[in-house]
Every structure is written in structure tokens, then in C-alpha cells.
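One chain is shown next in C-alpha cells, namely the form predicted on its own.
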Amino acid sequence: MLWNMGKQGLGQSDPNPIRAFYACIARSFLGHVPVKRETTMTLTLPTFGKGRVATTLMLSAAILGAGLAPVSAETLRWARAGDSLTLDPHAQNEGPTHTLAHQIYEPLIIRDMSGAFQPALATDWAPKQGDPNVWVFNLRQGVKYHDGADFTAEDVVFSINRAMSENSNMKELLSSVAEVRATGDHQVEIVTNGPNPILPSNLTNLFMMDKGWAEANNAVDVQDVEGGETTFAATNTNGTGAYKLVSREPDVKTVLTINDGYWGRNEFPMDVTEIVYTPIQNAATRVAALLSGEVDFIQDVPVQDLNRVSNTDGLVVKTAPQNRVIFFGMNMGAADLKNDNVDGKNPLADVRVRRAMSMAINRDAIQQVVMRGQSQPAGMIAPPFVNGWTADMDGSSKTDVAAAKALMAEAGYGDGFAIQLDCPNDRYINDEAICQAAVGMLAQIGITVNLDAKPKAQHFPLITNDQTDFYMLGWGVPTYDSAYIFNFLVHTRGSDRGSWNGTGFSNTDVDAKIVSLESETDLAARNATIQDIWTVVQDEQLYIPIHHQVLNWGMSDKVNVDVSPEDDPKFKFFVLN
């Protein structure tokens, strides 16, 4: 088979005409071929039998792509549905943003591909002898930033203080921290308000920045993402990580290259020497890119394409449960909603309405029809990985349309009401399709739902800025502890907690219990408090749990890696066969 791109004369051949066809299409979307406006793409297919037949595809391409550069065997082309929201490592607490950051920056402690703790920029850590309110971290020596500067304790002090600042989306993780101090060039102490046994778990996505670089480039302050600010740190990087930034065009392509001076060159496989990251929102195009060989690895194989990918020679699908729950949030705190048809009151303020909405959702149908079996129906917004999860709570959500209608009538909404559902369309597996299914299910109890789906970059600020009444959200728990969920999603929204609590729920007793988890060292007492908080969350129906996600990574069979429950590939761990 031969395809030609106008006068570009690529002259590349592939014995598999279907694979080559996908390559043509994928290349035009990915920008790997220098396609100009009104470029003619000619696809010549061999016939089976006598003679030859030429088929010409005329495509008007409006994409200006970079040329197809030769790549070595160590290049890994990576795609997923959505891009990182920013390069500022403290501005957004969001999975894809952290995943890209993990290649460039490093925390004190990381989780490996199995989810286990592993030393990163700290070699060891422990509570200080004689003072349980202090954690001591001994830092790795000889580490250099990408620009050659030394990594020292003053960078840790700077980075943690920066992450606790107003615009940081990471401050909830550090809400118990009273002080960070350097006790040597390679040792720091983190002082907490009372003993905090889970502090190390809160640091695995807390990245270290070079203080001198930040000061020199006016990047001391964290980017205000919700305010639309762009800063030097949002578009440039200087980390200690295994890979350095070469180029970045947000939502188009990011290129990273290996850090030859990386401290871990002899500790990790480091088979991948170049990463080409291409966000591809359209699921069909993303799969076409994998099928064609245009990308080697995608994190989010659509459930409808799993068999197709796994049955293709040279490709592999690896599956594992994810440490993430998908759910709907409801603005129960407002006196009146902006996007409903009920004047002067808020139907979501009535717990009977919230319970009715949950009872109308058929999670089994979503699992079978929308997710093709690739999900686990949920009754609480904690994954089974998390301390505090219980099978009883997780199995508590039942579909009962008749009972839901009765609750609606009892609450005074027997005729229903209309409301807008805000949904992302490039973040979670089949996110928009799940929302579409919910629209139909809620219609059965008289609730007319107007669906507004948009990219995550526009969707998430609606939640953090209190601009949505009814919304989809997914939540992973990198600390594997319920306190992480409570700090972000249950505590009253304030300066240091509750930044993702778009429900308006506020309970001073619950808030006090959440804060107490940070310093409770009696495990039995702590777990009892966790269960008390979950009882309130469940009884109040703060959220409508949908399901626990299942991860499906698609990859070339040259890639050898296990699926991370955090959905956060760290490419220094990858082995290329």
C-alpha cells in the first residue's frame, strides 16, 4: 500500500491497508503530517484479483501540523482525552495535570505503579523523636534541577509554603501544617498542629520547585487558574524529574526529553527517552491513532472499542480497578437556584428530592449499557481502596422509581421541575454518555434535565466558583484515606478546606470532626470518627454516587507496564520490549 500527501511525497508503505487508512486519518488530526489547506490525500489500495483499483480521498485539512520527524525506538507517543490544565505544579489538584507534572517535577515521596510508597526527593522520613508534632525528612543529595541548580532544603520550604498559599489547589493537603523549616541543607522539619500520622500520604503529589528559578521569573505566586491568569510557571518548567520540557502547545502537543542528569538514571528502567503527548478528545480519533501506530499508549480506551483494540495484532489492553468514583453533586445550600424553573426556592435543599434523584438513577443499566461492564456501581463516594469504605455503604444505592416519585410528591414536587446538569466531555470514561443516561432516568420522576457538556477546563471552574447547581465530578483519593475526601468535598468551603464542595453543605460539628482526623493517633477512635462523618454524608445524600471507574490502558505490545490504580503513568518505570 502507498499513500501520498499531495506533493509531500511521504512514500511510506504498510502491508495492512486498514492500518494504513487509520494512519492517514490519525496523522491529519494529530498534526504529524505537514498538511496544508486544500491538500489532496491520495490513498491507493491494492485489489485482490486481477488489476488494481485506486481510491482517492479528497480531504480539505485545516490543520497546520509539524513535519513527521524521524524518531528513535525510545520515543513513546502518548495520548489521552484531555490535557494538563497548567504547568504550575501547585495550581490544580487534578489527575491529568499531576500526571504530566510527575514526568517533570518530583515530590518528596511518590507512589510507584502499584500504589506503594517509594522515596523520591526524600530518602527517609519519620516523626521526630520526642516530638510527635514534627515530621523529619532527610533529602536526597546531589540532585540537580533541569537548569543545573542544586536541590536543597530551602526549595522544600519554599515549595510547601507556596502550596499552602491562597491560589493553590493543594492547600487542603497541608491544612495541618503550622511551619516548615530547614534544619540543614538536606533536611527539613514539617511541624503540624498536633500529631498527623497521615502527613506523608498527603505529599505524593506535592511537587518541589526551585526557589531561585521562581524568584528570578516572577513565579513565586501560584497561578490563579479560575481567574484566567497566565504566569511564567504555567507555561515553563524547571524540575528535578526524569524528563525535561522541550515544547508545549496546550491541547495540541507536548514534547519531553530525557533528563541526562537525572539522579535516578540507574535506579529506574528509563527506557523511554522521549515523550510525545497528544491530547485527543474524540474517542474514535484516539483509537484510530492507536490502531494505526501513530501513538503507542492511550490511557482511556473507550469501552466500546476494547475488543477491537485487544484483538489487533501488536496491541494490548490492560485493565484494573481505579481509585476513583464518579458522582453527581447538587447545590443544596443556595436559597434559590440559577438554572431551574422554580422561583424563590431551591428544590435541592430538600433531602427528599436529593434521595429521589439518587433512587431514579439506574446504576446497573449505566454499567451494562453505557460502560459495557467496565464499572462497578457505587453507593458512596469513596473507592474500595480507601480507609473508611464499607461494603454496606457502597451497596446502599438502590433504584426504585416508584418510591422516588412518592418522595418527590411528598416534598411538593409531584409535577417535577427543570434543572441544568453541567458535565465534562473530556475527563472521565464516557462522561457525557453517563450524563445523557441520567437525563432520561431523571425524566421518569418528572425532572427535566438540560444537559450542558463542555471541556474540563471550562467545567471545573463552575464547581470551584459556585456557578453550578447540578454537576458531574470524579474523585480519586491519592492518600487512600477518607480525610482527603472530607477535606475537599464535605468540609464547609473556606480558605483552607472545602474548595471542591459545590454542594453548599455546611455543618460545624462535621467540620470539627474532619479537622480532628489530622491529629488523632488512636486508630480505632479515628476510624470511628470517619464512620460518623460518612453516616452524615450518606444520610444527607450530599452526592449521588454513580460508579467506581475501571481503567483500560491500550498500548503497543512493545510497552511493558502495569496499570496504576491512580491512572498516573510515570514513564521512568516503563520498560520497552
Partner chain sequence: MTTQKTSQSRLARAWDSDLAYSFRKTPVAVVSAVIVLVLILGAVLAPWIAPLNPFDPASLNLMNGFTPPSTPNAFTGETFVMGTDDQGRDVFSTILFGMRISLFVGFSAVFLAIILGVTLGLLAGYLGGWVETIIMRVADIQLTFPSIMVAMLIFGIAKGVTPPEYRDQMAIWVLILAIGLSDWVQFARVVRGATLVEKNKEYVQAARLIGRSPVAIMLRHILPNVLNPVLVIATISLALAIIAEATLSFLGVGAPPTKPSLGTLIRIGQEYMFSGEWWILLFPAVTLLALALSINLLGDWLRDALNPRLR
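Positions refer to the first chain, counted from 1. These numbers were taken from a predicted model, which means no experiment stands behind them.
The same protein also exists as the form predicted together with the partner chain; that form is not shown, yet it is the one meant from here on.
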For this session: Give a yes or no for K338: in the predicted bound form, does one of its heavy atoms lie within 4.5 Å of a heavy atom belonging to the partner chain?
Result: yes
Exercise. Is there a heavy atom of A233 lying 4.5 Å or less from a heavy atom of the partner chain in the predicted bound form?
Worked result: no
For this session: Tell me, yes or no, whether A334 is in contact with the partner chain in the predicted bound form, where a contact means a heavy atom of each within 4.5 Å.
Result: no
For this session: Tell me, yes or no, whether R372 is in contact with the partner chain in the predicted bound form, where a contact means a heavy atom of each within 4.5 Å.
Result: yes
Seminar exercise, completed: in the predicted bound form, the residue from L108, L348, V287, L76 with a non-hydrogen atom within 4.5 Å of the partner chain is V287
Exercise. Quick one: of D300, D210, D481, D305, which gets a non-hydrogen atom within 4.5 angstroms of the partner chain in the predicted bound form?
Worked result: D305
Exercise. Hey, of 123-131, 183-191, 265-273, 279-287, which bit sits against the partner chain in the predicted bound form at 4.5 Å between non-hydrogen atoms?
Worked result: 279-287
Exercise. Within 416-431, which residues come within 4.5 Å of the partner chain in the predicted bound form, counting heavy atoms only?
Worked result: Q420
